[in-house]
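First, one chain by itself: the form predicted on its own, in structure tokens.
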């Protein structure tokens, strides 16, 4: 069995440092790796990234993250990524990594993702250049995420995104903003590989559980949804959802 701790939308700045750390120090007894589904910072500055690295770096388990829309706000995402990488945190963007855990290979493919909407209520790659650019970005990210997922050779495969791949985990958010919270193309990418679990954030007022059209369990781990430092999920097990004491 592989145990994955996951959270998203922690929005770390100076005033947040120290809030998560007590629970994070308990991770080795609860989980084998920590995955964070974007919005690591409030405004995507290198200083905020250093605060995040202070809070979530140097743990006794591997930490793998994707960036979120907040982490792009200051147009310094490359500098943010460098700060995190220097702190030993793995940052994925249409890329993958494999962790050796308990004699098993845990594959993680990650991307920020993008908006666009879901079947019956989505943008299309047609019309004005601005619309084609918008949907083209969605399609390109999803295509590259799918390629990353299919390239991984592992015993258990996880998809990590910020934007949602299904509408079910957006329940609680206004329907009008669903196209800005996720897109069906991410779900298609996840279903193109033998994915065991998909994790995302972004939807603060959404719901935790959903499934892709292909049946992959999807979990919205945005901190305002799970309301704790992290949830723990199980792979190579009969059930995905852990019964461990909340963090």
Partner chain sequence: MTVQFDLEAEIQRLLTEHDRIAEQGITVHRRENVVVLGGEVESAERRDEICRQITGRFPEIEITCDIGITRAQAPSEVEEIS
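Only a predicted model underlies this, so the values are computations on that prediction, with no experimental measurement involved. Numbering follows the first chain given and starts at 1.
Although it is not shown, the form predicted together with the partner chain is what the next lines describe.
For the candidate set 67, 35, 49, 197, a heavy atom within 4.5 Å of the partner chain in the predicted bound form is found for exactly one residue, namely 197. The partner chain in the predicted bound form comes within 4.5 Å of no heavy atom belonging to residue 191.
In the predicted bound form, the partner chain lies within 4.5 Å of some heavy atom of residue 217. The partner chain is not shown here, and in the predicted bound form it never comes within 4.5 Å of any heavy atom of residue 54. When contacts are judged by a 4.5 Å heavy atom cut-off, residue 26 counts as touching the partner chain in the predicted bound form. Contacts to the partner chain in the predicted bound form (heavy atom within 4.5 Å) from stretch 206-225: 208, 209, 211, 217, 219, 223, 224.
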